[in-house]
Ligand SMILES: NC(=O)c1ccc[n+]([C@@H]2O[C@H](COP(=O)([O-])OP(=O)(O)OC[C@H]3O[C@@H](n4cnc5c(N)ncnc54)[C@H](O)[C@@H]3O)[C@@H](O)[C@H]2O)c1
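Heads up, the chain below is alone and in the form predicted alone; it's given as structure tokens.
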Amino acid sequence: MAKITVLGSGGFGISLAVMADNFGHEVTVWSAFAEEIENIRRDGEHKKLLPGVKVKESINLITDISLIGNCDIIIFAIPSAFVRKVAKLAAPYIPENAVIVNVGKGLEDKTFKRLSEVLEEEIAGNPVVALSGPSHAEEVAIGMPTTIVASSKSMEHANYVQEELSNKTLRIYCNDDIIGCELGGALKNIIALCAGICDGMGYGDNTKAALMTRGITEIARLGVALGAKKDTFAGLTGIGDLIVTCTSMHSRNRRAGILIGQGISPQEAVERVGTVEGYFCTKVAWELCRSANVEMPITEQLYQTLFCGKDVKTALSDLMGRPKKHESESIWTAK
């Protein structure tokens, strides 16, 4: 059994803490939000995000980040915009042999870095493993069978995380393509926002199936240009994560998209729903695809909708009216 510290008391952080505690690990949860920690301690659950999920007294809840040391695994369950800030705060107290595990799905604004790259910069010397795949916190916390992927530059440490965190309800595969695994997890949020918009506009299964299929195509297109393996996007961290995020009401990206499709402004939709990683990731991905000279028409239209005031019906019409092409990219990209 391992000593595990979870940084972040949001839904996924608490769900992982509960699961790890249930399977015998020694678990600590840190949060910068004292009121949230106190409420969880008082209520024995995270009433807002995971109502009914028992947070046992055996889970140590703290707000002093200097107390996170003496652990084997440190899990970052932090929104992408705050990963670097929390890493800077935590770095002085992290044991030199601790394995850093990131479960956030996003890209850093301005630098365009994947979150593992951010952690490697701020916590130099510690191995970093990304955990990604189709995994809603609400289902992980109550023990629904879930399968995800541990990816890292170091397969030794990916295998270690697989060994320590796998259990009867969580099956973990390993993958050495950390670029592809992280990009799949981040970029699928863009397509999930679009799926929600289509739902909000009243469109059906045909529309969503087309969106998801062409969406994973452009995700893979950018991923390969950035050094990922194309096959990764056909796996759990690609199409698997895309399916779960585009089709579930657990998905904040989809819920925000539904509001936008119903006529709510993007900014108000995000404010209503809370953390919507796809909103922030769209801007980063749009800038990335331009710098890499990669065509991402769905991302382009979502960017125009979120940040330039483009009407969603016009955006969809422009997508449907694009020049006719062969489905095989090897044919049209060779011209």
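The shown structure was predicted, so the numbers you read here are calculated from the model rather than taken from an experiment. Note that residue numbering begins at 1 and tracks the sequence as displayed.
Another form, the form predicted in complex with the named molecule, is not on view; read the next lines as being about it.
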{"item": "4.5 Å heavy atom contact, Ser135 and the named molecule in the model of the complex", "value": "yes"}
{"item": "Residue contact check: Phe82 to the named molecule in the model of the complex, 4.5 Å heavy atom", "value": "yes"}
{"item": "Close approach of Val86 to the named molecule in the model of the complex, 4.5 Å, heavy atom", "value": "yes"}
{"item": "Contact test in the model of the complex: Phe33 vs the named molecule, heavy atoms, 4.5 Å", "value": "yes"}
{"item": "Which of 285-293, 301-309, 64-72, 269-277 sits within 4.5 Å of the named molecule in the model of the complex, heavy atom basis", "value": "269-277"}
{"item": "Residue (of Ala228, Cys198, Ile78, Leu211) lying close to the named molecule in the model of the complex, criterion heavy atoms within 4.5 Å", "value": "Ile78"}
{"item": "Heavy atom within 4.5 Å of the named molecule in the model of the complex - the one residue of Val103, Ile260, Val161, Ile216 that qualifies", "value": "Val103"}
{"item": "In the model of the complex, residues of 1-37 near the named molecule [heavy atom within 4.5 Å]", "value": "Gly8, Ser9, Gly10, Gly11, Phe12, Gly13, Ser31, Ala32, Phe33, Glu36"}
